[in-house]
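Heads up, the chain below is alone and in the form predicted alone; it's given as structure tokens.
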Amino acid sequence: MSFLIAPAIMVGIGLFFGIILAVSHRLLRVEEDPRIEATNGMLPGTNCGACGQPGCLPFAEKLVVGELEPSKCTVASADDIENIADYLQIDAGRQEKLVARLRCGGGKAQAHQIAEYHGFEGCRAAAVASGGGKGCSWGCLGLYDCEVACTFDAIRINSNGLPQVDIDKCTACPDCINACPRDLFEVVPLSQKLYVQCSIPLAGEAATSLCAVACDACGKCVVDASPGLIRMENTLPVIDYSTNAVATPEAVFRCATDSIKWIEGNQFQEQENLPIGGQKKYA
């Protein structure tokens, strides 16, 4: 009968800890607010992170406790946002439309090519292996990483090798930001029409010899813009929208390289009418 002692002891230990766990669960469990599951069901379920949360469920939890507003979800439709607000009896809130922009305007026709890249597909692989074929080591590689990563099909690489963002589809999620090995994408308010499309930290001919649309750090945009709106930092213009200065197209008029843009409309829809690799020059 001694061979039964060991199994009996194991069963007894199992029952003992099972009872402890059952009692602990009953006494210590925290009831989840049923509104969380209901709110999560009303969200798009994309888990894109554009709201600043790691997914829709954490976002729903924040909504229920009143820490966030439904309008923080950039994917949900206006009707969905209103429905969530009505269900939770909270203000829907207001949020300006955000969109991804690329800090580079130098495509195949503008950026100096030092080699033709053949190797592992993708920008990240090219950046690690050889830096791609462009002479500008700060510019867009145009090897589709952002297009592939975009969950919402909002990015297409055009014939000039540059990403075009469809602002109607863009939800301001971080997909393209995370995909770009050169950190060229950023999410900005759509209302910010004045934008610098260059990341080369060089000045004068050192910059323009690498790319025809590189900023040469002449500073004319600083002079032509409303006082305080633009300043030069490390050879590049920085637009400070936090000031009371009003952004106007005049800031781009004297830019010899077209590196600072006044962007209007949906470039994704207009790109067939644009010169290769460029955007409409405001005039």
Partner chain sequence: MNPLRLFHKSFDHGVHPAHLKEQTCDLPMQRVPFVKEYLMPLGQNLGAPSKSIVQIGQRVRKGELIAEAAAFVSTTLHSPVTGTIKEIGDFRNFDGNFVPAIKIEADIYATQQSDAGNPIEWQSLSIDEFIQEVQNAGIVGMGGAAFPTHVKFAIPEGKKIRYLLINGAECEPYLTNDHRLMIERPEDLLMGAEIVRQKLGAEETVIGVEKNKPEAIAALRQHIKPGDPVRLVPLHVKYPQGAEKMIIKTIFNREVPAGQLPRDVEVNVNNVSTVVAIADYFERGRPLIERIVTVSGPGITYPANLIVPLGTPVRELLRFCGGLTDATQEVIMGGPMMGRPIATLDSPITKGSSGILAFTAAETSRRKEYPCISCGRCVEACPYFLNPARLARLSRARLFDEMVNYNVMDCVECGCCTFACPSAIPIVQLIRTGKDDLRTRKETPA
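Keep in mind that this is a model prediction, so the values were computed, not measured. Residue numbers count along the first chain shown, from 1.
This protein has a second form, the form predicted together with the partner chain, left out of what is shown; the following refers to that one.
- Using a 4.5 angstroms threshold between heavy atoms, Arg103 stays clear of the partner chain in the model of the complex.
- The partner chain is not shown here, but in the model of the complex it comes within 4.5 Å of a heavy atom of His118.
- Not displayed here, the partner chain is approached by Gly131 to within 4.5 Å at the level of heavy atoms in the model of the complex.
- Contact between Cys180 and the partner chain in the model of the complex is found at the 4.5 Å heavy atom cutoff.
- Residues within 4.5 angstroms of the partner chain in the model of the complex, judged by any non-hydrogen atom, belong to 121-129 and to none of the other stretches in 160-168, 78-86, 121-129, 189-197.
- If you take 148-162 and check each residue for a heavy atom within 4.5 Å of the partner chain in the model of the complex, you get Val148, Ala149, in sequence order.
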